[in-house]
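Given next, in structure tokens, is a single chain: the form predicted on its own.
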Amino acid sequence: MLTIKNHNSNILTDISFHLKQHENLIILGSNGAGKSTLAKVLCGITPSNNVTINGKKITQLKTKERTKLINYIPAKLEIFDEYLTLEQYLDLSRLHTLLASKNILKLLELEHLKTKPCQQLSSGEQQLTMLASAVLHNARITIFDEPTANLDPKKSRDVYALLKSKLFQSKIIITHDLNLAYRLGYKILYIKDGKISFFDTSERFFHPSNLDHFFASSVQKVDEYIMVNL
């Protein structure tokens, strides 16, 4: 159970919403709307006394307890040790699960890269590495910031299947991929200029009238796909 009430900052204005246990959420919005800022507030990277998880303020949680409750997967992997291999990185990520690193390497077809330094991985491989680390972390709530960025169509489909699986307890997914958001079918939170403009079901958000409202004539739904009008 996650709650944020009346949070204000230089970017966000009067942000309030509540998620039930095991509920999932998609966060949408244009570039610079405040999506990643909100994610950092929710997980405690940006401290706020207005966020509670299971009735406890996140700022009052000890580090170990917080790692069990919430985890943030950024849009870009940043590792400063040029010799740290993929396998070593995943071993360090294995916090609250019995799943072995070799199993997730096999699941994401990364076995052939296990001895390769993380800094030498391609952007798509790094994206999959962060996803693998999230599985091994196994927090109750995992926040993903653009999980399909830099992925080819096959890997994007694999990530979709992973996000739909039961490997994660609750997910908050920030994305610009409207097809991913539509297919996942989770509750939608849309941010505009640092404020919540929509917080309701996926079905309501992807109704043609709402698509017109939020995206003007730039997108439309065609045969159960969200298409960009070029």
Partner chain sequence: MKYFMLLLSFIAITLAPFFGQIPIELYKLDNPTTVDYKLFWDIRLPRVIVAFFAGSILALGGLIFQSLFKNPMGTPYTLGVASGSTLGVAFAVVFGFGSLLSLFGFLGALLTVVILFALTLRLKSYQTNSLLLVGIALAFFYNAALMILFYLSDESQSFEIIRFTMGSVDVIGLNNTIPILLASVGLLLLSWWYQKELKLLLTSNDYAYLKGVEVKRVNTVLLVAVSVAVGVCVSITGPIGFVGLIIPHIVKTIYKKSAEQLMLPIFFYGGVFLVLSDLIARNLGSNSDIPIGIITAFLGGPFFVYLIMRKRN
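Numbering follows the first chain given and starts at 1. Not measured: the values here are computed from a predicted model.
Absent from the display: the form predicted in complex with the partner chain. The rest refers to it.
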For the partner chain in the predicted bound form, the stretch among 38-46, 161-169, 195-203, 22-30 with residues bearing a heavy atom within 4.5 Å is 38-46
Full three-residue contact with the partner chain in the predicted bound form, heavy atom 4.5 Å, for 148, 157 and 215: no
Consider residue 111 of the chain shown here, and say whether it contacts the partner chain in the predicted bound form, taking contact as heavy atoms within 4.5 Å. no
Please tell me whether any heavy atom belonging to residue 81 falls inside 4.5 Å of a heavy atom of the partner chain, as the geometry stands in the predicted bound form. yes
Residue 97 versus the partner chain, in the predicted bound form: is there a non-hydrogen atom within 4.5 Å? no
Residue 187: touches the partner chain in the predicted bound form, heavy atom cutoff 4.5 angstroms: no
Between 40-76 and the partner chain in the predicted bound form, list the residues on our side with a heavy atom within 4.5 Å. 40, 43, 44, 45, 63, 66, 67, 71, 72
